[in-house]
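As a starting point, one isolated chain is supplied in structure tokens, in the form predicted alone.
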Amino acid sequence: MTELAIEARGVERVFVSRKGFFLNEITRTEALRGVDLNVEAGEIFGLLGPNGAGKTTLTKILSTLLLPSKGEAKVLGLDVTKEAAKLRPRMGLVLGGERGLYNRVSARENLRYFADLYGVPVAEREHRIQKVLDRVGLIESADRRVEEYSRGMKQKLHLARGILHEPEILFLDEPTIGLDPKSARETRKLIRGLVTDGVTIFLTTHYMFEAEELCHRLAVLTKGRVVGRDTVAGLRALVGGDRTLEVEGYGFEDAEVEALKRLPGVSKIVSEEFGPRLRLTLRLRTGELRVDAVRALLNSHPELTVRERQTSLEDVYLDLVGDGS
């Protein structure tokens, strides 16, 4: 049986706030509504979802920053609520953004502080700092004040801090946000290298191509619930299959769209307007439907365009989150 790095069962989180002159109006916000999740040791697991879906809340619960309202979660076999003190030295967390760094000192001095905080042995500290600075590409700017850094450089420093104590599991929340394409590619290479070293990665991202490139398995979270959890191929099958046909033309009749829905293998049709033209996206369950059959059904449209492509992760995501996007 495969060892689990993360195991979550029925995780819920409710935020309660008060407002009004006498603070007597109580508002309850359900951020997570019974999340079940397994992450295998040594894999890169991706968590996708729209803003407000609960991704950061779940990440904070798994990384012991937030208590669940209900349910249980274990990371590296340790209960995140009862055994947080044992877990924290073995995990890393990169939330990114501008917070969490000391701007008036250098990157190297930041890492010295965090090395002491994480309990890195003094004899190893400078070597470890040099190693992570080199790994994230900050050697040349290591002695500059962080306030002089660009957003992308700060994100690299967050990554350096997250791996400084050589964690067994690393939580990454939007790790390439704010990075230029070259730096983002280098960061993805670093993430793959960490997995080669045996680190488990739990990754949240909005970039579909990044999730597809890095993650063996993914979960899609919307409105506090997991609506899909599988490999990319498995998620494609969940929404209708690997093949997608795109049909573009002018003035499709309702009867024609209904006829397309009845074609063999069609699981779903999505329509989008592009100026005066209309695009119909047909998700196919099987390989039996051919482009020629679609053209024959719509032969009254002289400027018809029909093309076939593989169902993308973005297609899958939009199908699963629906109005939650």
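Just so you know, these numbers come straight off a predicted model, no measurement behind them. Start at 1 and count along the sequence shown; that's the residue number.
We do not show the form predicted together with a small molecule, though everything after this point is about it.
**Q** Name the residue from P264, G52, G34, G287 that puts a heavy atom within 4.5 Å of the small molecule in the predicted complex.
**A** Partner contact (heavy atom, 4.5 Å) among the options: G52.
**Q** Given that the partner is absent here, does T29 sit within 4.5 Å of the small molecule in the predicted complex, heavy atoms only?
**A** T29 belongs to the contact set for the small molecule.
**Q** Even though the partner isn't displayed, in the predicted complex is T56 close enough to the small molecule, meaning a heavy atom within 4.5 Å?
**A** Output for T56 is yes: heavy atoms within 4.5 Å of the small molecule.
**Q** Would you classify R151 as touching the small molecule in the predicted complex, given a 4.5 Å non-hydrogen atom cut-off?
**A** No, R151 is distant from the partner.
**Q** Answer for H206 alone: is it within 4.5 Å of the small molecule in the predicted complex, judged on heavy atom distances?
**A** Yes.
**Q** If we take heavy atoms and a 4.5 Å cut-off, which stretch out of 44-52, 269-277, 290-298, 254-262 is in contact with the small molecule in the predicted complex?
**A** Residues of 44-52 come within 4.5 Å of the partner.
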